[in-house]
Structures are given as C-alpha cells and as structure tokens.
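Take a look at this single chain in structure tokens; it is the form predicted alone.
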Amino acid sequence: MSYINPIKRVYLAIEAWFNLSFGSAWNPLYNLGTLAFFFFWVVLISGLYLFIFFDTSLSGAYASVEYMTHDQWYAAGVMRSLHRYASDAAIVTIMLHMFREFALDRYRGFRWFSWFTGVPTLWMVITLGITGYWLVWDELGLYVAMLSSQLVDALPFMNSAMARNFVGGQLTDRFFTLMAFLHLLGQPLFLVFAIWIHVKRLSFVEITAPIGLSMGSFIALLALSLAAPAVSHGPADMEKVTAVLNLDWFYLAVYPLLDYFTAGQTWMITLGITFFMMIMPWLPPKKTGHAAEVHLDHCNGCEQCADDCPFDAISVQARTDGARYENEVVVHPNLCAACGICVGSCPSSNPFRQKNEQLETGIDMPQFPINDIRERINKAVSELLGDTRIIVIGCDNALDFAGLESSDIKVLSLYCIGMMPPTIVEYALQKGVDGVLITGCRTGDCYYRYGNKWMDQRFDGSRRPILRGRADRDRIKVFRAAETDCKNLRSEVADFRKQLQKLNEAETSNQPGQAHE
C-alpha cells in the first residue's frame, strides 16, 4: 500500500464516519461551500430584519439592541441570536473547507487560484463580523472599536486620526452611522465580488445546500438561539475599563495580540501568516499534466465536452476548418486541469469505432489518449485467466488498487473516472470479460468535482454519451472508495466474483443440451 499522509488518513476516516451518519448526499463535509452560502443567507435575512429596529445613532444603538434582545425576544431577539450564530457557523464552515482542501491536497496545481483568492476572502468575512460587534456599542463593541482604530492608525498610509475619535468623548453620530453603512452595504458588496472572483474558474458552482442539510442546520441554529440567546455586555463607557470581556474567537482572535505586541507588530504577524497561507500552493508546487487537445477532424461540434468541463476550460466558437458543422471547441491550457473528463464526454471516444486502426477522438489527452485506453483493455482481456475474469477501472486520485491484480483480475487507472467513455465498459464485456468493477473517489467527493456525477448520469441515460441498454448491468458493479477503504474494496471484489460465478453457472445451465436439475 502506498504512503498516506497521516492528516489525510485521519480526515478520510472522519468523512467515512459522517457518510455512515448522514449519507454521502447529506454529508456536511461534502457540502461545506454550500453550507457557508446558506449561513450567509441566514445572516443576510436576519440582519435586514434587525436593521428595521436598529438605531444608527451613537446614543440610541445600544438601547435599540437591548430592546430587540429583551422586549422583543420572541422575534428580534431570536433574529439577533440567529445572526450571531449563523455568522460563527459561516466562519467554521469556511475554515473547515480550507482545512479539507489542505488535508486532501486540493489547493495546489490547477487549484492555486481558488486557494489564493480564498484566503483574503476569509479576511473580508472576518472584518465584516468585526464591524458587526462594533455596532452593538456595548463594552465589547467599544473594545473592538478602540483596538481597530489603533490598527488602522498604524497603517503607513493613514494619518493616525481615527483613534482620536475615542479621546475625550469625540466620537460622533456621523462617524458611527458611517460604520453602520460600511457593515450593512459596503463590506457585503466587496464580499460578494470577492466570492465571485474565488469561484470564477469553476463551472457548475453550487450555492444551495441539500434541503435536508439546510433544514437541519437551521433547526440547530434556532435551538441554540432559544437555549442560549445572544446578549450584550454593559453599555459602552469610554471613562471605564472593562475587566472581563467574552470574545468571539472566530472573529476577534487578533485583538488579544495587542496586549503583547504593538499595532505595527500585530500587522506584521497577521500579514505574515496571511502571505504564507496565500503562497502555500507553491510550497512545493504541484505539476498539472498536459492540457487536452482538440482534433477537429473527429469533432462534430456537439459541445458536450464544454458542457461537462468542471473548470470552465473549454469554450465554443464558430467552425474554423470549413467542415459542415457549425461550431468547434477550444481548450484553454491555463485553465485545464488535465482530468480527461472531456474525453469521456466525446461521442467519438467510442472504442467500437475504427476497430482495426488507431482510435482517434474529437478531444483527447496527449499523455494518455483514448487509443491507449482501448489497447490496455485489449491487453488485459488477453492476459486474464480463470472462470471469472474481472477488469477493475478506477482513477489515480482515489485508492491504490494495483494490489488487486491477479490472474483473473486486471486493473486500469484513469486520470478521473469521468474520463471513461461508457462504451469502454460495454467494449470490455463484449471482448469476453465476465465483469467490470468501477471504483474511484467516494460518492459525492470527486477529486475533479464532477467525474463521479457525470459517470452516474451517463450510466442512467440522463447525460450523453450514455451506456447503452444492451450492456449487461448485472456484470457491472460500482463501488467507490478512498485511500483508507482498501479492505472494503477487496470485500466488494470478492462479492462481485461470487455474483459473476452465479451468473456464469446460470448461463451455462440454460444453454441447449445442458442438463437441468
């Protein structure tokens, strides 16, 4: 068995437990991005409701929040708690999402852009929460405001005037209203733009979590809001030093550093950590394979590869070679993840075409062309021995299944299981293998995002190219597994072998001239 990073091993074990508890469709670790979007919606809706009752003046802010918290606890009070806890939940899901990408090594190579833009996006979320604590204008709000002013004044391009607002009670309603505007409109607009940049290189971006997971999360937030309502500290008093503050460590973790370092040193620490995180994709870099290549002489311009590309690396343009087809596709090498999903999408990848010559397709991977895949199938079929001959097809990013090879089992690993044209399975069965077992990344978690999903849809006939009805489904098995699931995969192979033996015996007994019991 190949070496598995211990962090990755532990994380995969946790995901497996969540799969058992929630199922792959509702596994929260597979839906961290969409859950973050859901929590942002809760924050937005609850924030708009709270704004109806919020007084943006310096003298009325605290009183209006107290009114909502206590006098209208059943409505605005619950909304305030939902606003607070959904904000924390959003930070938790974002940080878990980042840790997951790191643990599974999905932040380097062609994924560098998403990671690089995700780090500053996280800081935008944190600063949005910081101004939210400021607006409550309780003792914690004053603490946040004063230390934020110190940090802002330490910037070289500032004139060191912001902190003066807190000297001698000079803070005005106008300044406080400006902060309310920043929190309610300015920062959210910048955050939306940052999120758009973050997902710009991805296709089929999901922003809606599964309904069951969303409802369960909302019920949990609501229960927490009723059991432990969010409350304020005492009113802000610039003449008083507060002894005890209950910090929200998800948003305010930077501020205790000012007890030990100057504002300038705190900036150096914070920016240093941020810069290090942003350059992590190159420590060390991860090489991406050669981009897909288009062969117009075998392309009919169906655009299926462009529809299937998970990374928006294929575009459609008017035909340039004078062929009778209207369109052609173009691969953008700087966006291509070299996953090969486009090869599985192309109808020309049918191995039954050009039987006695080299198989060529409309779009192909230069390092592992479709003809090589067909030839490896042919070679495997010729080498298989025994009564139940099985070909296992998987991908390079799941578990190491080379150890399954034996006299009656041959394996074929692709860049992604979505690279497999459905007709390859039918081809292997017609060549004489008894069964084809398909593995790869766990269901709901494809290294290249949509390889698993597209394969499933091709098999059930809802996405082109389809697995034709004449393919014997009883001789096809799909069992997806991660690197820590080798034992389970071996068990599935053994069960599949028994299933095939029964099918072979049944077919033999039903042949003319055979004795029947």
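Residues carry their position along the shown sequence, with the first being 1. Predicted, not measured: the structure shown is a model, and the values here were computed from it.
As for the form predicted together with a small molecule, it is not shown, yet the points below apply to it.
Using a 4.5 angstroms limit between non-hydrogen atoms, F459 is distant from the small molecule in the model of the complex.
Among residues of the shown chain, I476 is not one whose heavy atoms approach the small molecule to within 4.5 Å in the model of the complex. Taking the partner from elsewhere, H83 is found to have every heavy atom lying beyond 4.5 Å of the small molecule in the model of the complex. The closest non-hydrogen atom of G444 lies beyond 4.5 Å of the small molecule in the model of the complex. Proximity of R111, V125 and V205 to the small molecule in the model of the complex is complete: all three residues have a non-hydrogen atom within 4.5 angstroms. Note on contacts: among Y62, Y49, W26, F37, the single residue with a heavy atom within 4.5 Å of the small molecule in the model of the complex is F37. Out of the listed residues T121, T388, T131, T266, T121 is the one that sits within 4.5 Å of the small molecule in the model of the complex by at least one heavy atom. Heavy atoms within 4.5 Å of the small molecule in the model of the complex are found in one stretch of 395-403, 101-109, 291-299, 68-76, which is 101-109.
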